[in-house]
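The chain below stands alone and is given in structure tokens; this is the form predicted alone.
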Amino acid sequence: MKFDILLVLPELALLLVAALLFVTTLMSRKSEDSLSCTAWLPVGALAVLGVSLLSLGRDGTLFSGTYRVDMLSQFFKAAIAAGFVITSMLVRRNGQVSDNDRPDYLMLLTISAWGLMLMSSAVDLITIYVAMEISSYSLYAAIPLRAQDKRAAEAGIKYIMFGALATALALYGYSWILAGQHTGMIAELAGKDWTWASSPLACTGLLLFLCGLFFKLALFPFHFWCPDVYQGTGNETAAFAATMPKLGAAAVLVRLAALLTPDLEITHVIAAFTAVSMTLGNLSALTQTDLKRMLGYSSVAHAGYLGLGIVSGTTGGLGAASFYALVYLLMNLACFWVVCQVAEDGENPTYTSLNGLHKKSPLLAFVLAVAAFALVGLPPTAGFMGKLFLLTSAWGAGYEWLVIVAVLNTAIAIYYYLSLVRHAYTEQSEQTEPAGETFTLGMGPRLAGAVMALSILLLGVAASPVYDLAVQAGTGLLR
């Protein structure tokens, strides 16, 4: 089969960025100013985003059919590239990483994003597994990098231990699927019988393989690592770990959802995990005072919301899940962007750290408010439209009980998300600050915050173009 290099331009562009960072790593040993050596990174990330957007319409297969370039993969690659642009601006100035380690640190995160792009196009289970490991191993090394902080070591150990467990389960499940269905290609698996009565071996294997993805997504019961790792690792690293890996997991889950129908036993199991994940995540988030830990539990809840689209098994449901994955990236990155700016000393901020934020920095308070309203699911934000699409698809697939659970959980989430806004706008800071903005923000961070907030609002009032792209991706899977 002829190798068409145009099909993998986004991956090659991101790999080139990683290679340039590797060269910078070697050069920085002789240079103390590693920050200036990596100043080009956001520009390189923007170039990757441009290539990804230009590649949206490409279609084809590579590597004996194990690598598929289609609308779904290109949609998620563009989303990963967009997330990489924002995170590259955040993590480049991570003060908790030493100058000598910074180029290595940035290279690790770039390779992790590259692995996520590979996951988006992988259509063979072992290819998915290898791509997932490429993404994970880089993060295993990056998570503990937080200067002289024992919490980072604890976070790194927990992430590696839970990751190893998820890897073992996924690989064990893959072997059971091979034994039961004699193939690992998703296109061939889609035509197989996935009822427990006729294929118990393969069904058990698929559930075990999905556990590896549930770990990435922080879906119940593989969520225990999430709050501890967010709390222990550096703020900028947490912003990356809380958003980017979820895109890769969502891409694979949407692709694997083509195997399932709403009446299958496995689908019912995923629906139960979804309901518990939403409820457990929201109830646990209610009691948190550490912002990063609260965002960790809220991500467990949002993994459940994403499951609404997966279990519906329709083109609308898969499109809704893809759309919500992109929206979640923007909402959560916006929240972490504020966390990183507020915690200038690199410590974990609490709710009280936000007191009087609208006086110290109106822009930070505005972005936080937009992100909080979107995470709750209030109009006119993208979060509202994303949840509306998810609830509609799940209701249409016969999961009325799951929709009711999701709506009740949304009501619970109002309390802790709007507490962010209350502290930013109505509480007074104990510190005496001069009038006006007291947080020093450069042009790049200001632009990133404004773009994220406006994107969340724009996708809330004009969601159709992006949602239609997501539905096209789902339609291609179910042909």
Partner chain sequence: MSYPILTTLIFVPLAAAFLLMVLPMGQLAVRRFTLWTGFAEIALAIPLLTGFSLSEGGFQFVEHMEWVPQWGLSYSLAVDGISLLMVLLSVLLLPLTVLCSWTYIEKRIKEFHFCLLLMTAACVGVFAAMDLVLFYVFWEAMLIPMYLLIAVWGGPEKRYASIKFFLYTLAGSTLLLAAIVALYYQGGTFSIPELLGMHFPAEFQTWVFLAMALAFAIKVPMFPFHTWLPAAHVQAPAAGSVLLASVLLKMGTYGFLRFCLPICPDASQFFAPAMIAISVISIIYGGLVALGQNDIKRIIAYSSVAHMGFVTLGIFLFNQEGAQGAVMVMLNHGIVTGALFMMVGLVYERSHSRDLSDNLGLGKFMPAYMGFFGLFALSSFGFPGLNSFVGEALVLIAAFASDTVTGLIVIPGALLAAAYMLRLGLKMAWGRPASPKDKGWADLNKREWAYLAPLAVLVFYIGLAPGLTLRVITPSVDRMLQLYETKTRQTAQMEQQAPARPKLLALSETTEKGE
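Residue numbers count along the first chain shown, from 1. Everything numeric here is computed off the predicted structure, so don't read it as measured data.
In what follows, reference is made to the form predicted together with the partner chain, a form of this protein that is not presented.
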> Hey, of 444-452, 409-417, 58-66, 43-51, which bit sits against the partner chain in the model of the complex at 4.5 Å between non-hydrogen atoms?
Replying inline: 409-417
> Non-hydrogen atoms within 4.5 angstroms of the partner chain in the model of the complex: do 151, 227 and 256 all have one?
Replying inline: no
> Within 4.5 Å of the partner chain in the model of the complex, heavy atoms considered, which of 336, 215, 373, 114?
Replying inline: 373
> Within 4.5 Å of the partner chain in the model of the complex, heavy atoms considered, which of 378, 211, 275, 71?
Replying inline: 378
> Does residue 358 reach the partner chain in the model of the complex, with heavy atoms at most 4.5 Å apart?
Replying inline: yes
> Is residue 461 one of the residues lying within 4.5 Å of the partner chain in the model of the complex, judged by heavy atom distances?
Replying inline: yes
>> Is residue 269 part of the interface with the partner chain in the model of the complex - any heavy atom within 4.5 Å?
In response: no
>> Please determine whether residue 393 contacts the partner chain in the model of the complex, using a 4.5 Å cut-off between heavy atoms.
In response: yes
> in the model of the complex, which residues of 314-328 put a heavy atom within 4.5 Å of the partner chain?
Replying inline: 316
